[in-house]
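Below, in structure tokens: the form predicted on its own, a single chain.
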């Protein structure tokens, strides 16, 4: 015997049990009383269990019918609640993005409103931490990572970000102060700010400028780029950071690149997704938007 039943039969039983009347159930369901009676008889015959006592023109649930009705009513209540909740939902998809803190703070947050405006049916949830996430096991859709490109599991698709440019950066007051910065050797008069997780550091910069000797043992040290950038904005020294992360500070004049915008090159960030999910519209739209923004394309339509 199959336990699969007709939804119409269950619906007719639930209404009749709740209203204690085949006639009222028929009225609610816009069918005839005989149709309700037929559907309930179908259930009784299928399972060999009597669900109602038929007493004259009244119907009363049997013990088995009452037990079944309690479960069915609870299930219908959950369906009704889920339907109400669905009606309150304003977004069709939820996109969960995990990112390193500096990229989230310096690049993604100032621009995320553009993505939301272009994709009003996608609700973005942004998490930030330095640890990589397990895309296979976790609820994250996109993981933006920083560091050397490691071999990923077979099910992960990795897209490398465009090449970044790393240059010295400082506040305008520092660049134009008592010891103005016009040439690389001018940095000897200023405190250096070190981003210890950056793939390119001051030692790499000195290899390009072999005639300049800087004291690399001194200066402020931070394990996150956004803290180094903030310290430079506050005039605490000169940081060596990616132009990708400081566009907002450059645009507002809080930072300047006193030695120009040509610097060391590095590929540090990667865009990671499950291969099985890469073509989902929410992920594809986010990927296309993010890379068009990086390439300087107006992605706002």
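Residue numbers count along the first chain shown, from 1. The shown structure was predicted, so the numbers you read here are calculated from the model rather than taken from an experiment. In this text, the rigid core denotes the largest set of C-alpha atoms whose superposition between the two forms falls within 1.5 Å.
One more form of this protein should be noted, the form predicted in complex with the DNA, which is absent from this view; the next part is about it.
Segments offered: 251 to 259, 27 to 35, 233 to 241, 65 to 73. Contacting the DNA in the predicted bound form at heavy atom distances within 4.5 Å is 27 to 35. In the predicted bound form, at least one heavy atom of residue 41 sits within 4.5 Å of the DNA. At a distance threshold of 4.5 angstroms between non-hydrogen atoms, residue 58 is in contact with the DNA in the predicted bound form. Interface membership of residue 21, defined by any non-hydrogen atom within 4.5 Å of the DNA in the predicted bound form, is confirmed. Residue contact check for residue 54: one or more of its heavy atoms lie within 4.5 Å of the DNA in the predicted bound form. After superposition on the rigid core, displacement of the C-alpha of residue 33 between this form and the one not shown amounts to 2 Å or more. With the core superposed, residue 256 shows a C-alpha displacement below 2 Å between this form and the one not shown. Shown in the overlay between this form and the one not shown, fitted on the rigid core, is a CA shift at residue 289 smaller than 2 Å.
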